[in-house]
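One chain follows as C-alpha cells, the form predicted on its own.
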C-alpha cells in the first residue's frame, strides 16, 4: 500500500473536508476508508427508480450563518433554494412548525400581535426559572397544552425517553417565534447542493492525492497503515475503544420509501406526527429539490433503539461516560496523533454545517500540531 500522510476513518462530510484541505493546502496524500459502500455519510443522496433524488438517511436541510463555509463549498457545487417548510399534524389539522404567530393564531383561534402572543404565552407557561430537562423547558416557554400537543409524543418516539429524562438542550434547539416566519430555520443561507450532496462531496475528493476504499472497516486496517502525519477518526467514539468503558447510547432510524402515482402527496417537504403512530415524520423531498415528476416518493421515518448510530442520547449517564472516553481520546491524540472529529466521534447532535466547520478547525489544528505552514 502506498504511504499516506493522513488515514481517515469514514467518508462523510468531516472526512471529505479534511482530506480536501490536506491535499489542496499541504499536498498531503490521504486514504479514506469507509465501511459503507458510498461516500457522503448520512448526507448521502441517490436517484430513486422514479427519477427523483432522495436522501437515504433522512432529510438534510442545509443551512448556515457562515459565509466562509458557503464560499468554501461553492468551489464544489452550485446551489438551489431550499424551501424548508414543516407542518405538525395535531388532531387532523396541520400547523406551521416551529411554533410562530401563524401557529398560535390557528391553535387558539384568535389573532395575535407579537406582544399579544408573548403576553398570552406568559399567562399559560409553567414557571420554571431554570429548566432542568426538556419537559420543563418547553412548558416554561409555551405552557402545557402546546407542549403535550406538539412536543411530548414526538419526543418520546424520537428519543425513546420521556422529555423529563432528556437534557433541556434537546427541545431547546427548536425556537418559538413571535413573527410569521414559517420556515423550519431562520438561518441566512438556506439552500441545497444543486446536483445533490453526494455529487458535492465527490467533487471535493476528486483529487490525485486522495484515495477512497469503500466497504472497508477502519478496524481492519488500523494496524496495517501507519500514516506519516496523523489519523482522523470520524466513527462512534466508544467503538474506537472497543466499548471498554461500556457502550454510549445512540438512537437509530429505519426508513420506509413509498412511491405514489400522483404529483404531490403532502403540502410541504416535511410533516411531523406528534401522536401515537410509529413514525415521527414523512418527507417529500421534491418540495426542496424542485424536480418535476408526475409521480412522487415519500419517506416515512421510524426511530429505533438499535441499528446504525444517528443521534447521541443527551442524558446524564451518557455525558459522564462520554467524558471518560474523551479523556482516552485526548491521550490518543497526544501520543498517537489520532484526531477525533464529527458527530459520532464527538458524541454531539450537530447539523452538517457545524460538522464541516468543525472539520475545517480540526484541519487547522492538525496543521499547527505538525508545524506545517
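Positions refer to the first chain, counted from 1. Remember, it's a predicted structure, so these values are computed and weren't measured experimentally.
There is another form of the same protein, the form predicted together with ligand UDP; it is not shown, and what comes next is about it.
Contact check at 4.5 Å (heavy atoms) against ligand UDP in the predicted complex: none of 324, 325 and 340 pass.
In terms of contact with ligand UDP in the predicted complex, the residue from 218, 189, 154, 279 that brings a heavy atom within 4.5 Å is 154. Here is the short version: of 136, 198, 272, 266, the single residue with a heavy atom within 4.5 Å of ligand UDP in the predicted complex is 272.
Residues placing heavy atoms within 4.5 Å of ligand UDP in the predicted complex fall in a single listed stretch, namely 157-165, out of 69-77, 218-226, 157-165, 232-240. Using a 4.5 angstroms threshold between heavy atoms, residue 174 counts as touching ligand UDP in the predicted complex. Ligand UDP in the predicted complex is approached by residue 311, whose closest heavy atom lies within 4.5 angstroms of it. With a 4.5 Å cutoff on heavy atoms, residue 95 does not count as touching ligand UDP in the predicted complex; it lies far away. Of the heavy atoms in residue 103, none are within 4.5 Å of ligand UDP in the predicted complex.
Interface residues of 335-369, taken as those with a heavy atom within 4.5 Å of ligand UDP in the predicted complex (partner not displayed), are limited to 349.
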